[in-house]
Structures are given as structure tokens and as C-alpha cells.
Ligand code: AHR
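Let's start with one chain on its own, the form predicted on its own, as C-alpha cells.
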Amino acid sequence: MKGNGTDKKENMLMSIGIQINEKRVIGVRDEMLYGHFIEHFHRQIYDGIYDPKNALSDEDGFRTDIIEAMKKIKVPVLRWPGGCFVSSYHWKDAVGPERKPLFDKAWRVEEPNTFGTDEYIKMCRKIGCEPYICTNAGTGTAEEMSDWVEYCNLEKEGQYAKWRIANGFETPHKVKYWSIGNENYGPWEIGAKVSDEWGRLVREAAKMMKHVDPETELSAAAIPDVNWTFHLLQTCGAYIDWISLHQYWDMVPEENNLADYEACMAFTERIDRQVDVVRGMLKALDLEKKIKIAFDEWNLRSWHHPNVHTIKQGVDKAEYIAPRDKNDDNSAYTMADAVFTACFLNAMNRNCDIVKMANFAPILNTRGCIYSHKDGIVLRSTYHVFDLFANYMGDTVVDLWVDGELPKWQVKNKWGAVTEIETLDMLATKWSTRPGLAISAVNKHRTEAQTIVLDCCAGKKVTVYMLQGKDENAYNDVDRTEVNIITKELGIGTERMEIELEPHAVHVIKIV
């Protein structure tokens, strides 16, 4: 498992001792930590997963190759329909035989409404995931939100359950997870609110939604800001079950100037800062046992959509719609994205006592881990990270520590400042249903391999699953596959077994 870095200093490598205590459990990971998100933006829904005219689509109009790719990474929960889209979306226009097109004021395109609630539920059932509906808290009302719960969850009471039945769905959809709003704290959001407005709307919406179905679990949009979130918790803590957090680190909405590999690694420092801040607020109000964190929209890079979330709007569609195609340049999704994604998932696993859901945004096209074209799909580097974590990591996080200190690496962040980061990011897990360990070992260094020493391998079979490209800028596209998972059987382990971690790579070490 040798790296390909041209300036790798093999003679200078030091062995790093790793200790693991299987008996000290940090927490049990909820499967929803590896969740995803899809929005009515560009080619995510239409000309994406929902494409009735495509030869690869099934009788319901869904791309079977995309569905199968989602099933392979065991998508546990899928958030929909937004995102910024939802803040002017009225769900009643998109159910039943008579669909009403609307002008989507968030993204400034016509929304045909041929894909609505019932199509979304069908899609989730095909994937085998839980639905998670985000409601309109921008131009919408508490009553409209609760009507949506009636449509989805009531058996036959009231006009909306009867409407669902008339539309061909006798059995309730039973949507358990609902989000009240999306980023309503932000001036870019349609129907943005101030703190007092937000607390009152969330409280009244939650009351009505719980009156319809007491078994629903409700989240509310929040940020790591004391004035906003502390007030929300004081006002609505008794009514909500989740706090919703969002973050993109490499912000490129107006200019598509993507951070390079080293700058992306700089973003991995304090990757879970939002969790720390919100955890502190929950503890201060004695709510940490009642309210969980849903990091329900995240990605390394923000979506590129210039001239729509600004005061001055683009006039020509070439100014504000055509640039969105830049999100689908597959060469942009390199090992930087994969390594960052693995570091984020490691961090959320370490916080699995309070972070119970996370949703990569989005799953398809734009910045998604899957890219679709009319003849097939491309699995971007980030897809394989979810494959590693969903299929090879355990569900129980255990204590891991390092003998001494981890090696450091000086990198330049996106703004040119030099910062020092730890080279390795590691996480140890075991399975609740069978013996064995699975260790996520991420080597962030661009060119240098690192050697770790494990004391837990003696007499056990050791297998390494590695995700790496030929260099840090490797990517997959329609006509190229440079990033994939490589399996290496290391045989029966020894005491103080040395394992080399390749540069710019994600490894899962399985010990059984």
C-alpha cells in the first residue's frame, strides 16, 4: 500500500501507536447519521432521479440505476423538498391529478409540480429509506404544515386523508420526521424571520402538527447563535425533538472559486464546532436528553447559484441559470471532497450521543455524490466514502487514543493564512451484533504516508479497504474512473501490527 506522492519522505516516517478500549463505549450510532438530501434544484429531481422519458426509468418514472446506487450505500433517510425551494412551496399544488405549476421564487424557474408528496414517498419506498419532509415556514402557515401531516399520516379522518385515499393511497404514508422550515434565520431565505417571530411560528406549528399525529418527530432550523437558538429552545423546547443545523465550508455561491486540496484540509479543523455550541445550549437548558441534533444539510462545498440570493438579481438567464451547470463538472469532486467527508463522518460518530441524523446535500447532481447523465451514472469520490462507512464500519463507537501526539502538517487555508492541522483523523467502532473492530483511518497529508501500530490485531484477520486516487486531484467521470475502493487482505495480525496509511486516502481497517 504505497502512496504515489512525488515528494514523499519514506525514511522520515514514524510509527504512531494507537490504543483502543473496546469496553469503553462512546455511543451507539444511529443509522440516520449517513442520511442524504434532495431538493428541487437544477437536475436533482427533474432530469435527475425522476425522468419518465428515460429508457433507464421504471414504470413510475424513477431512474433504476440511481435507485440501485442509493440502495448500495443504504441511504437511511432522505430529506425533501428543500432547502431554499421549500420556503415558497405549497404542497397542495403537487398532489392529485390536477397539478398546478408554480414559479419557484427561490431558484427563479418554473416548477411543474409533476413530482410531489406521493411521488416522493414512492421514491423513498423504492430506496428503502425513511422520508423526512421539510415544511414551508417562509410563506407557509402552521395550518398548512399540519394539513400536510394530515395528508400523510391520518388514516381517513378529515379532507386531507380522504384526498390521499382518492389519489390512490389507502394506507397512510406514516412520515415520522418533519422539519419546520429551512434556514429561516438567513436573509437569503424567502420569508426570513427574526428570533421572536421564529419561536412563535415554530411553537404554533409544532402544536398543530403534534395534535394531528403525536408520534411525529419535529425539528426546527437553528444556528450556533445564542440569541437565535437559545430563544428557540426556551420558547419551543417542550414541543420539538430535534435541532436542525446546516453548514457548507467552502462557500462559492457567487464565484465558483473552489478551494484546493490543502485549503480543504484546513476546513477539517473544528469540523464539529456547531455541534459543540448547540450541545452547550441544550445542556444549559437541561434539554440534552430530550432534543437531538440533526445536521440535516452539509457538504464541503456550497452550491454555485449566482445572482439569485443577492439584492441585485440576474436579468439574463445566462447570468443566473446557466452557471448552475458548473456544479456538475465532475473534475471538481476529488480526493479533497472524499477526505473531508470522511473527517466529517468521523466527527459526527464521535458525537453520536447527541447527533442522531446527518444529511449530505445533495445526494444527486449539483454537489451530490452521484452524477447522472442520460446513459448512466458516475459515482463521485464522496459516494465511495459513504460506501465505506455504511457497509464496513460498526455501529458502536469505542474509545481510541494515540500514544503521544499525532503528527502535524502546515497548510494554507483558502485565504492564504498558514494553519497547522493534525495529519490523521481516526475513529474506532465495533458491532453490536457480532465480534470485531472497524477503524476509520483518514490520512489528510497530500504526499506523505503514515504508519500506525495497533495492539488489537494479534491472531485476528486484518483487511484494509482503501479509498485513494493516483493523486489528490483524482476524480471520476463518464469516461474515467480514478477513485475507487481497493481491498487488501493483510492476513492474520500480529502483536503491535504496523499498518501503512497512504496519503490523501480514507481507510477502513477491519479486524475480526
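From 1 onward, residues are counted along the sequence shown. Not measured: the values here are computed from a predicted model.
Below, we turn to the form predicted together with the named molecule, even though it does not appear here.
- Though the named molecule is absent from this view, in the predicted bound form it lies within 4.5 Å of a heavy atom of just one residue from 439, 84, 205, 221, which is 84.
- This chain is displayed alone, yet in the predicted bound form one of 267, 303, 409, 160 has a heavy atom within 4.5 Å of the named molecule; that residue is 303.
- Judged against the named molecule in the predicted bound form with a 4.5 angstroms heavy atom cut-off, the residues 34, 177 and 241 are out of contact without exception.
- Look at 110-118, 329-337, 180-188, 369-377: in the predicted bound form, residues with non-hydrogen atoms within 4.5 angstroms of the named molecule sit in 180-188.
- At the 4.5 Å threshold, heavy atoms of residue 39 reach the named molecule in the predicted bound form.
- Taking the partner from elsewhere, residue 246 is found to have a heavy atom lying within 4.5 Å of the named molecule in the predicted bound form.
- Interface residue remark: residue 105 is not counted as part of the site for the named molecule in the predicted bound form, having no heavy atom within 4.5 Å.
- In the predicted bound form, at least one heavy atom of residue 309 sits within 4.5 Å of the named molecule.
- Of the residues in 284-299, only 297 comes within 4.5 Å of the named molecule in the predicted bound form through at least one heavy atom.
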